[in-house]
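Below you'll find only one chain, the form predicted alone, shown as structure tokens.
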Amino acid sequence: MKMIRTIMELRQTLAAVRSEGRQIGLVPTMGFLHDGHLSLIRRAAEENSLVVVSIFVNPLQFGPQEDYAAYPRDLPRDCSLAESAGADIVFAPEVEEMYPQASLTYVEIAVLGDELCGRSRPGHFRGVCTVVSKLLHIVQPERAYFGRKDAQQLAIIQRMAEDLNFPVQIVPVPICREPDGLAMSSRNSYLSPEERSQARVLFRALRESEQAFAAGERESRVFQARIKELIEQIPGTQIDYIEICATQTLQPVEQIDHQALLALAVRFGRTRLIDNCLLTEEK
């Protein structure tokens, strides 16, 4: 495996790859890799002849009160894990390489970025869209891989690629979970042992909701009330949102028609976790 730190070297390397007719898969990450990331890399390795994993903690998607400086970083560990999962290249640029001067150009998305996490994290998805656009432009992959854990980000990237005519297939990959159901996330490392135990309520809420949906419940307010009750039983938690929304538009729905996205964001202490599931009649 090769680690590359500059855009020029990456472009030169990938130009040679493309000249051989090889297909390129991209897995964008912010590092501190876990099994969820590795599932993306393994999927990319199955479907492409060369896999690029980007490791870049993007300052544009962090708000002024968020954890950019404290975000966990361990590049040697990440490179070892990425290689073990099938990565051929790790692209790990410095901030100055990606943003050599103060940016005057950004990529924004209307409507989709205003819902869910966008309400409490203004500017977050502008940062996401800008850096993903840059990575797609630099790497020019045939396929790019994103986890379903951040359902809003996935929907936004899919729409952005369609609207801007990026010649890339956005490939969704299922959520990876710990044995107790907690969705894998780099932010799980922030949780105290007590908070880590408390966070299992997210998976419990999702599973109860799926069971209620299978039993015929369709009223969004019923799901939301039950989830709110479960979470508020745990001291110290703070609910950001409990939303049931249309899968394509992310607009809230009062009544579920065939399928909807159930999305949660909850703080355990100072750590904000997200999770989701699809409530669907499709088997």
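Here the structure is a predicted model, which means the values were calculated and not measured. Residue numbers run from 1 along the displayed sequence.
Another form, the form predicted in complex with a small molecule, is not on view; read the next lines as being about it.
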property	result
Heavy atom within 4.5 Å of the small molecule in the predicted bound form - the one residue of Glu115, Asp78, Asp88, Asp150 that qualifies	Asp150
In the predicted bound form, the residue from Ile156, Val131, Val201, Val173 that sits within 4.5 Å of the small molecule by heavy atoms	Val131
Contact segment among 244 to 252, 221 to 229, 27 to 35, 44 to 52, judged by heavy atoms lying within 4.5 Å of the small molecule in the predicted bound form	27 to 35
Non-hydrogen atom contact Phe146 with the small molecule in the predicted bound form at 4.5 angstroms	yes
